[in-house]
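Same protein, same chain, two forms; see structure 1 and structure 2 below, as structure tokens.
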Structure 1
Amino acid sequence: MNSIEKEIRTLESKIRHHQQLYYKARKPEISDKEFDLLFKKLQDLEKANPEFASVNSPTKVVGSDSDNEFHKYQHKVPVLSLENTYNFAELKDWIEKTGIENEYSVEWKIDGASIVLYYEKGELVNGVSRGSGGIGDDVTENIRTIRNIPLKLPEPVSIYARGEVYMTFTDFAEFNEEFGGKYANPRNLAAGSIKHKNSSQTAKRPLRIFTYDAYFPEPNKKIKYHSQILETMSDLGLPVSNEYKIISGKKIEKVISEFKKKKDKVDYPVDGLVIKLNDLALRDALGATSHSPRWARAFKFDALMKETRIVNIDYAVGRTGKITPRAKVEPVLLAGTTVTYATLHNQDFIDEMGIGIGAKVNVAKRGEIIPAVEEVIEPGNQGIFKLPEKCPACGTVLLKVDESVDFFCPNKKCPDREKNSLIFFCQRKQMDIEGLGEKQIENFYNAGFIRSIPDIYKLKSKRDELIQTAGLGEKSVDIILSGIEKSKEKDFKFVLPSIGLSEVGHKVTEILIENGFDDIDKIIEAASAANARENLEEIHGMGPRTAESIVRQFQDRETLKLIDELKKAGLKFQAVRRQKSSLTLFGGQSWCVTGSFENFQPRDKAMDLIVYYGGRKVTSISTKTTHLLAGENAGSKLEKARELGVLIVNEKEFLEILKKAKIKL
């Protein structure tokens, strides 16, 4: 081994040691700056000497910009799913048959993306999705970017660990806020992230993992119990939840009751509990079916899930052209409403679940709002459903865009896209036009009164026609027309995200305004400048995908025509200038916020104070961030702030700063 290779191996070892101390023991020995210098030195050496770079180098957490190709991988062990029970009587019956005197583990059933981590002689060689249980997708490059997954174990052991990739509710809320709330829930975002086209983008998402079981290809006679598997995984640095219990079957009802009480306080999505036999010899004796082990059960929280059957599958076309398949199901009462449709998300979800027409399924309300198919009980008799090649609304050939797992209709004149763009524009969170709800917009569209957003502002000239032909009374029409006129008073920060441009939601609009792009002409000028994308990427909180989207759309003739027509209609395309105090208490400082607060609800009230007194608000942590205001249940921003040496201020300390400056809330 030459001197350079030796230095690289030494740096790898040092960095892993300090990562272990920081992320697991929470007892760092060196400062964040010293750690960053070690990390940078290793990166530079690997770049200059790629032949000596390890596939599991600590630098792999930043990912790569090259496109991923997910090859199929034959699992080395059966990756079975669990049989579900929905009431305690069923679970108790299973425990009595299995042995009520035996010990069982009780663990959270985390609602994320299932993964198998394959370690050979201590090195992570593959990270594979569950797939069919026999064959999955090799997503190793993306998995390597998840910071709490060790790429190299402290011992040269071979172990195949099952885990669940997830996102905490806090991290999801912060990440989703930056993208205008475009993501439905943590589970979908986690699942989509591990199949991202570029691992460098996966690295930017606050993913985590819990491992919950393992198989040792080289028999280990010392391990006789599941609890020992969990302890061994933890000793090897694999993330294991500490919220599990090993109990006698006689105590199962009491323990389940305890877990249920804690369910709403857990900061990650769970949809039930997993109960497993602790004794591995008893597990072997019971064996498994082709589908599930006989020694384990999933106890689902049954209040939000019901069994039904899929009678048909159709598709919705969103305003961006995204095709969302949905199942028409036999009507079922769920959480107080009758459900007749449930989302199927995308083709990848359908394939992984094996969903087809005629399938018996369980449906649940995600976040108690959107009904979704959660699992297949019996497959349908027509095979796995496949989306059509053409848009169901306009017949245009469907495409996949960038790294998305979704199919899109590229036709901007697609009737479903047009209708949904109008509905989005008028929603409460957007322009909030009274009287123009989803049903009324669809009626106006079908009658030919409106086809595009500017048409809304031409309805005033059609008042008499609306009264005569649209089936509306004078009062109803006047309410709609009044709502349209009132919408012209909306500030630019609402107008821009309402017109529905890709990647330009409320958060991106706010970032643009805070960085001087406070009217539409400045944005158009910036998009047409030389090195426009690079210039926009330099803005804190603006990623390359968003920058590219802004440049492309603000050079598009149709977009510019839409803006021009809305200007003429009287909409505001210049932001109201914020007044600022002559007291620059936070001058020269860049503040970010995370968590929840007692005195600042919503927390933007604190950030408004910072901006008013001379500071700058940013949406994510970087080397340019000077302060992080951290409340309760702080997310991944807190960890990153610690890594970069950003000054962390809690609510009490922030209030003290204000008090000393004689600033009243």
Structure 2
Amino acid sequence: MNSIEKEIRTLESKIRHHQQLYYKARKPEISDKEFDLLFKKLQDLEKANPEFASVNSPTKVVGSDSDNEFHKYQHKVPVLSLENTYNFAELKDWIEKTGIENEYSVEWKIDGASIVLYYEKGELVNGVSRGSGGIGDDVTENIRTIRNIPLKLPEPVSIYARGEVYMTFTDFAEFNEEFGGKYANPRNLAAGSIKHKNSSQTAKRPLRIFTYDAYFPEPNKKIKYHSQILETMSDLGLPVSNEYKIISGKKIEKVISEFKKKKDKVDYPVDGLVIKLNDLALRDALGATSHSPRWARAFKFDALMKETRIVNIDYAVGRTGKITPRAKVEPVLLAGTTVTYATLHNQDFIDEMGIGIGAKVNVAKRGEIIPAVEEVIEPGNQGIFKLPEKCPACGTVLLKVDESVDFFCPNKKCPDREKNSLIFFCQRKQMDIEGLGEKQIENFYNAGFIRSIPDIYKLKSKRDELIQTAGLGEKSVDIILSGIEKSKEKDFKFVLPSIGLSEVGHKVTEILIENGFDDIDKIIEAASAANARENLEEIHGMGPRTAESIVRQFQDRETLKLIDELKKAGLKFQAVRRQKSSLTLFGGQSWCVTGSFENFQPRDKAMDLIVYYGGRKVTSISTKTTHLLAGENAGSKLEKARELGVLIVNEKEFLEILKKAKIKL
């Protein structure tokens, strides 16, 4: 890095640091004037050296807290917070003081953004952030885009409902994938989304709400318990999590341990439980401090975020050549495991967060296996980290492909790419070859036994050599060789996604097979036909990028050679044809299945029936979908189906259809 570039990076990180102190921590360390000088200096340097200016420079993004963009709204009722406790003894004390014989509601503490919905005479008039509790930001326009928030209630009642806007892990993962993994977690994305300046952007984000409390401005004598508040909200169409429990204080320990067991199975972020007195008269008697009510406690689970320091940054080269930077951090204990590495996703993420070696950061583990850097508390002294220009494994100059946020090593013979392709091929989800794990592959690769996938199938003839040179016992070698033999039985639907073609994963393979491309030769033929791309694009579920990718790769000499060699090795390149009934009960129909079912577990069982009796299966709702089979907890697909007028069939109705046609389960 030359000195100008270095200076630019240092200035960027300084400015970010002071912005953070000013806007977020609200504890500026320098005067506005000093800040403006730094800003001006960076602007000037960038102007004179545009090649070193980063796209996310603080001079290009608005450094406001964005809260200023919204109108202020004086809450009608103070929006109080909760007193937290982390240890059970403390919680037990509180319950004993408050009355162990009393009833309590135990609910998930959802980790999203706190919102109050103001309905007047049945109309949603305002959606307001919690803000200071007294005054919040009026984010109504954004709130109105959230699909499960009713704009009109079925009755003309006035109600101020409190809730948490959140994003499910599933929706987050899907959304984040589209953006190259640049978002840290569903909570931050949800919180950021409701504060977006452009509500059409908020509308694109898969947000939802759970409401958990309400205030009725017109006295409502019938409501005496918190449970009735929840029921009333639910009756009015306000989404209430159905996982709350009303229990006697005596049962608290047992119930908490039940919730704890379920904690990693819920598909939305929760950071603890909220325990509330159920009797509203008792609540009133206890009252509140200026900060929090005396009738509720938050029982937080172990911290999922810890502070540490980045000691080094290195980067892995994936099988596709994608470079993933990762931070080596000072080891910290987080949610039961010691964390030594945290992913940094890509250069954009690094720039956006201002990450560098030496930085003090918060790392978090939220459902993912590898923790991620969540925020920079204090920038390092070496400026923002820049990925090198060359591949760390083979020295080839890295490239950015299309509009991707990632850098790639374009060298197909790059040793790290080759090794990772082999590891991918042998993985459990792919060809599932026993004995060929990461370490063993690395060992065989380095000893020159395997360089490419076909080499795996040549190991059989090298049994003696393997025993002699690879440092393995006879028994281990035989386990590996028999694992390799067994993989030849794997169906085409596993073989195709394992060879590592871009865009051709399990989902695309399934789509191809279902649409008659159940044999590799048919795919190769289709890829070389005139109008190949257009023809493939016609297939439901196949995007233009995938179609283009298929055409390109199945004409590529190297891919064809690989397929040919694997065919010769005895791998299956023809799918087992699924039998179909002559009874075409679902002929001409396209079914999507969502939610969970009592009689179809896993739900693929319902899908298989539909396909067996002539139907087509689709994985997402579109105008071409004719039916949605909706089980319990059907989420966004149900809403989309309603919107598009797709026929919605529940489990009972589906069973009746089958019964009428005399189909037995």
Ligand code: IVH
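The model shown is predicted, which means the values in this text are computed figures rather than measured ones. What we label the rigid core is the largest C-alpha set whose atoms superpose within 1.5 Å from one form to the other. Residue positions are counted from 1 along structure 1's sequence.
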| item | value |
| --- | --- |
| Pair member which, unlike the other, is the form predicted alone | 1 |
| Per-residue C-alpha change between structures 1 and 2, residue 200, threshold 2 Å, rigid core fit | yes |
| Post core alignment: residue 358 C-alpha displaced by 2 Å or more between structures 1 and 2 | no |
| Core-aligned C-alpha movement of residue 246 between structures 1 and 2, 2 Å or more | yes |
| Inter-form CA displacement between structures 1 and 2 at residue 264 - rigid core frame, Å | 7.4 |
| Value in Å for the CA shift of residue 630 between structures 1 and 2, taken after the core is superposed | 2.3 |
